[in-house]
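Okay, here we've got a single chain as C-alpha cells, the form predicted alone, with questions on binding and movement later.
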Amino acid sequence: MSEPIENVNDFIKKVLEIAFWVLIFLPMLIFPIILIVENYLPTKISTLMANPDPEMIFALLDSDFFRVAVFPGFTFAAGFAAFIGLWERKILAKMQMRVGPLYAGKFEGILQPIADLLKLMSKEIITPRGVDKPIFWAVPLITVAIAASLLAVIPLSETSVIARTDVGVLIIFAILSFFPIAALMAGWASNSKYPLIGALRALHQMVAYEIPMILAILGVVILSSSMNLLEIVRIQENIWFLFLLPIGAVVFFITALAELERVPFDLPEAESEIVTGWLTEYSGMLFGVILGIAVYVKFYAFAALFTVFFLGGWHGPSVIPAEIWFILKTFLVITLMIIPRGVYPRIRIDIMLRAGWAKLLMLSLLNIFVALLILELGILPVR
C-alpha cells in the first residue's frame, strides 16, 4: 500500500518521484510516436507546416494513421465519450429537478469533464496489499483496448471507416466476448470479496444477455444476406430495419443496456450492495481510465452499432453530411439509453437472469422467424 502524505516533505518527495518516472517513461512514449509520424504519414509534419498544400492535407486526412488516431478512431470516440458523461449528468439532473454540473465553465458546466479528469489525475493511485499487481494494473489498459477495438469496424459513412471487412458482425461479437474476461480478471486480481462478487455477477449477466443479442442481430444478417456492416447499412437506404424487425431492435436495446451494466442492469456495480462491484479497489486514474474512457467509449460503440443495425446508419437527406447524420442518430440512441437510469430501479439478479435466458431468448427466436418470413414473402425492397 502506498505511504500516506503527512507533511510537506512527503509531498515534495511524492512530486519528485512522479517527475522522475515521467522523465523516464515520457521519451519511451514520444519516440515511437515520432517514428510513426515520420514513417507512416503521407508527408512529414514539418514539410506540411512549412508549405501548406491542400493535396497534402487531404492525403493526411485520408491516411490510416489519421483514421485510427483521430477520426473516426480513438480521439473522436474519447471526446464523444467525455460529452456523453456530461450529457448524462445534465439530463438526469433535469429529470430529477436538479441543476447538475454548473460551475466548471461559463455555460452549463461545459468544462466539467476536464475538471473530472484533473481531479482523477490529482488523486493517489492506491494498490491494496495482496492484489495481483500485474493483472490489477493491466485491466484498465485491457478494457480500453477492447472498447477501442470496436471502433475499427463501425462505419460512420461509406468513407469514414477504419477497417473494411466482410465479417464485421463476427468481429464485433468476438471483441465483446473479452469484456466478461476483463471484469473477472479485475475481480480476481483485487483479492477482495466485493470485486469478486461484482465480477461474477458481470460474467453471469453478460453471458445471459449476449446470446439473445447475437440472435437479434442474426435477423439483420438474414435480411441483408451479409455480415459486412457497410452492406447492412446500404440495404437500409429505402427502409430501416427498425420498422421491419422491431422485436430485434427492442431485444438489442435491452441487451445493450445489460452489456453496458446500466440501470436497471447495474448489478455488477451495485453501490448499495457491493460498493462499486469489480471496480471497488481501483482509485485515481486507474478508476478514471476504466469508468471515464473504456466504459463510455463502449457506450458510444453500442449506440453506434444500434444505428448501423436498425437506424440506417448514415442514410438521410443529402443536405446534411453522412457523418453528421450518423452522429445525430447515435446521440439519440445514447439519450434513450440514459433515460432508464433516471426512471427504473435496479432489478434482482434472479429476475435479470430469467429475463435473459427465457423472455429475451424467445423474443430473439421470434425475431429470426419474422426475418425469414419477410425474406420469403419478398417484403424487403429490392436493392
Partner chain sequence: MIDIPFLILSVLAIVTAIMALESKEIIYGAVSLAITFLMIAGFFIILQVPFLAMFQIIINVGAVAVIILFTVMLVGTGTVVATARDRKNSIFAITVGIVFAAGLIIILSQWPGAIRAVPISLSIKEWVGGIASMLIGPFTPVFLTAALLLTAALIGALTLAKSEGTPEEVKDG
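Numbering follows the first chain given and starts at 1. This one's a predicted model, so the numbers in the text were calculated from it and none came from an experiment.
We do not show the form predicted together with its partner chain, though everything after this point is about it.
Chemist: Each of A82, I110 and I114 near its partner chain in the predicted complex, meaning some heavy atom within 4.5 Å?
Modeler: No, the candidate spot makes no contact with its partner chain.
Chemist: Heavy atoms, 4.5 Å, its partner chain in the predicted complex: which of 259-267, 309-317, 83-91, 159-167 makes the cut? Say which one.
Modeler: In short, 159-167.
Chemist: How about K193 - does it come within 4.5 Å of its partner chain in the predicted complex, if we only consider non-hydrogen atoms?
Modeler: Taking the distances in the predicted complex, the answer for K193 is yes, it comes within 4.5 Å of its partner chain.
Chemist: Is A148 part of the interface with its partner chain in the predicted complex - any heavy atom within 4.5 Å?
Modeler: Looking in the predicted complex, residue contacts with its partner chain do not include A148, since no heavy atom lies within 4.5 Å.
Chemist: Are any of the heavy atoms in T127 no more than 4.5 Å from a heavy atom of its partner chain in the predicted complex?
Modeler: Flag for T127 set to no.
Chemist: Even though the partner isn't displayed, in the predicted complex is M185 close enough to its partner chain, meaning a heavy atom within 4.5 Å?
Modeler: Contact check for M185: yes, within 4.5 Å of its partner chain in the predicted complex.
Chemist: Of these, F287, W137, F71, F178, which has a heavy atom no more than 4.5 Å from its partner chain in the predicted complex?
Modeler: Flagged contact: F178.
Chemist: Given a 4.5 Å distance limit between heavy atoms, list every residue of 209-238 close to its partner chain in the predicted complex, or none if there are none.
Modeler: Counting only heavy atoms within 4.5 Å of its partner chain in the predicted complex, the contacting residues of 209-238 are S225, M227.
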